[in-house]
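Presented below, as structure tokens, is a lone chain in the form predicted alone.
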């Protein structure tokens, strides 16, 4: 369902793209085989979905060529949502239904391909969420469902009541907690599609002031040179090498950056080279 590389739109307001230029950017991403575009209702202060929707509306036929992923469940204090008194999480039936309708209007589409609960609501009633998901699927507004940033027990609690399809979590060579907390193993066990946000550690990977990055980057540069790819491509290949097959969610508006991610697909990274990167990241050998 999702492309092997997913284009993330969180930073869209920073890119300064007009609607025609955004359409061209989407077209170029599609030409690279990137057909999935990641949103959340809160991105850009509740503005990103509408900007993307304007692009879709200006290019008839574009919507049928791509998949839209969006997230809901975080309530931000914003002029766009005057009813929100404090920042909080909400996965009640009323909020989920209202959020989906708002996203559909903003995106100017009749369905969302994949809807994720953005953060775990400590007051979640899993039976209510499952019933709401069933309703949204039955009426055709959402085709598939998943979660983002949830603990393993929270994922299992909901998955026992409704079949989830994906888990979006933070995963990179500098933030590999998903390897240790069981998240990626659970994705394999339950058949969930792992999605990795911040796959380049938010750019920290290339910071000369970060001690962990200073250990890892030379290893990536050396292996990248062997394969004829950039360190960024090698970093993408490292996370995609895991048998859960995480799909990186990029965060750049540069087409060159998308090409670096796509170049990682199928790159033959050996197990020993994977562990070389892991050792540089953790600062020690395996036990």
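All values derive from a computational prediction rather than experimental measurement. Positions refer to the first chain, counted from 1.
Here the subject shifts to the form predicted in complex with a further copy of the same chain, a form of this protein not shown in this document.
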Proximity of residue 272 to a further copy of the same chain in the model of the complex, heavy atoms at 4.5 Å:
yes
Quick one: is residue 243 in contact with a further copy of the same chain in the model of the complex, heavy atoms, 4.5 Å cut-off?
yes
I'd like to know if residue 89 sits close to a further copy of the same chain in the model of the complex, meaning any non-hydrogen atom pair within 4.5 angstroms.
yes
Does residue 153 reach a further copy of the same chain in the model of the complex, with heavy atoms at most 4.5 Å apart?
yes
Taking 4.5 Å between heavy atoms as the contact cutoff, choose which of 204, 161, 215, 135 touches a further copy of the same chain in the model of the complex.
161
Of the options 94, 211, 139, 85, which one has a non-hydrogen atom that comes within 4.5 Å of a further copy of the same chain in the model of the complex?
85
Which one of these stretches, 139-147, 97-105, 162-170, 180-188, sits within 4.5 Å of a further copy of the same chain in the model of the complex when only heavy atoms are counted?
180-188
Only counting heavy atoms and a 4.5 Å limit, does any residue of 260-287 reach a further copy of the same chain in the model of the complex, and if so which ones?
271, 272, 274, 275, 276, 278, 279, 285, 286, 287
